[in-house]
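Have a look below at one chain only, the form predicted alone, in structure tokens format.
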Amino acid sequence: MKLSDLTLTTPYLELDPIFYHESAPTSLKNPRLVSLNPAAAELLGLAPEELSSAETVALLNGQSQLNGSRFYAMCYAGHQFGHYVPRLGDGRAINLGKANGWNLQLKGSGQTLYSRQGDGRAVLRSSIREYLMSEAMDGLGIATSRALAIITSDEKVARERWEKGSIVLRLAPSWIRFGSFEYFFHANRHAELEKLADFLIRESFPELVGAEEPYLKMFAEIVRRTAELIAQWQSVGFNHGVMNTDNMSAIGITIDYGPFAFMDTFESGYICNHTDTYGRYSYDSQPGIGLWNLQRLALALSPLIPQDKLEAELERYAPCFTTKLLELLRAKLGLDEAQESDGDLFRSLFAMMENAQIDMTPFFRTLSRYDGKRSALLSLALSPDPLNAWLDRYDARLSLNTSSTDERHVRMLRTNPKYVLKNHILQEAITRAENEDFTLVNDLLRIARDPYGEHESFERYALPTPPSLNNLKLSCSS
């Protein structure tokens, strides 16, 4: 199917006008295509080979409109760094409508009613980061928004410096957030709160339509999905950076990629956002913040669900998170059956990686080929003694496996990626793109889609991060 054949629906606009504001995009000057993602095109039923650059650019720049599309921004509130803000909303994103189960949204497309003092724009570097990272997370099997295409322009946008304006067309099964419910609860608009819950159930939890206690079951599913999502983040060393409640998806997917980072050298308290002065959203704080955010959602849903039942579901968060994380870590270490001592083995692993200053991703990938010979692993450690001591424990644990070494290697190589898009890698692509060379953006898109592949011509991106580029911090405009 061609882009011109795509027809959108706008079910969100069937809600009351308080839920949204119709806002048209503001076009960029001299727009041009940076990248088009075939995998996301297929999600919409589009044939990638039939998507022309000109029509894609026109769509992203708001110069053409798809059949059935209407432009609108969504209203929501949220807790930002722990402080409640009564109204936020899509300040630089405009929705187009829905196709094939995916809601299309232009990020960086200009001011809306909810922009406050913002310019409604996104810059090329932040747009490249979101475009590539959403696809990298999907490549890792982690629930996420997706991205169809990205454009750059000659539009000048002021951030820390003057930069090129850019727009990403991103997709999600739902853009409803924890903060969407908070807006109506704190405004004492309980009728609208119930309408929003009914809409979310119809859109994302259709199996609950007509069920007994549907709002409770919806909340229970959000708790489970959020717990498992954050366990996945922890298992690959992903730091979101801004886990405000307006950045938390009500369907448990990763959204709103800002100053995120994949861990370089393992650092449990790593803070990737330089505005996060007190480390509220540090790597090791993410599981607790997930619960805190769910508690805010529970409060917002309290007019619909009895308090004791909300609390009972919240108590399931920690066991769900722990169960999922242990499952993921056993897979990363190639362990067969669960053992009671596994928790101690995993805790000692992360303590060892921090003490020995080991780069997380190359370590697990090298471990995926471990056959008792330690030289390749020891070369990754600043200090070999902690690693040797941990490998003694690991050898003992592997002796309890029933599968063969070769079988373990196969499983681990499918579990531990060779490539994650670390910030210094993304920055290289951004620097080239700012000089109109988009080659690396498209190369990294292919790597993102297949992070377990060898990609031998990009071997250097699988190496430990150079010390000067280790565990960088970024701004919210990054």
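Each residue number is its position in the shown sequence, starting from 1. Bear in mind the structure is a predicted one, so any value in this text is a computation, not a measurement.
This protein has a second form, the form predicted together with adenosine monophosphate (AMP), left out of what is shown; the following refers to that one.
Consider D119 of the chain shown here, and say whether it contacts adenosine monophosphate (AMP) in the predicted bound form, taking contact as heavy atoms within 4.5 Å. Result yes; D119 sits at the interface with adenosine monophosphate (AMP) in the predicted bound form.
Would G252 count as a contact of adenosine monophosphate (AMP) in the predicted bound form, using a 4.5 angstroms cut-off between non-hydrogen atoms? Close contact is absent here: in the predicted bound form, G252 is far from adenosine monophosphate (AMP), nothing within 4.5 Å, heavy atoms only.
Using the partner position in the predicted bound form, report whether Y76 sits within 4.5 Å of adenosine monophosphate (AMP), counting heavy atoms only. Judged by the heavy-atom cut-off of 4.5 Å, Y76 is in contact with adenosine monophosphate (AMP) in the predicted bound form.
L88: heavy atom within 4.5 Å of adenosine monophosphate (AMP) in the predicted bound form? Answer yes; at least one heavy atom of L88 falls within 4.5 Å of adenosine monophosphate (AMP) in the predicted bound form.
Within 4.5 angstroms, counting heavy atoms, which one of the listed stretches 89-97, 134-142, 388-396, 283-291 is next to adenosine monophosphate (AMP) in the predicted bound form? One stretch meets the cut-off, namely 89-97.
Has each of Q80, S115 and N247 got a heavy atom lying within 4.5 angstroms of adenosine monophosphate (AMP) in the predicted bound form? Looking in the predicted bound form, the three residues Q80, S115 and N247 all sit within 4.5 Å of adenosine monophosphate (AMP) (heavy atoms).
Heavy atom within 4.5 Å of adenosine monophosphate (AMP) in the predicted bound form: which of D256, E192, D276, E163 fits that? Just give me the one. Only one listed residue qualifies here, and that residue is D256.
Selected contact from H186, K156, R224, R159, since only one has a non-hydrogen atom within 4.5 angstroms of adenosine monophosphate (AMP) in the predicted bound form: Looking at H186, K156, R224, R159 one by one, just R159 meets the 4.5 Å heavy-atom criterion.
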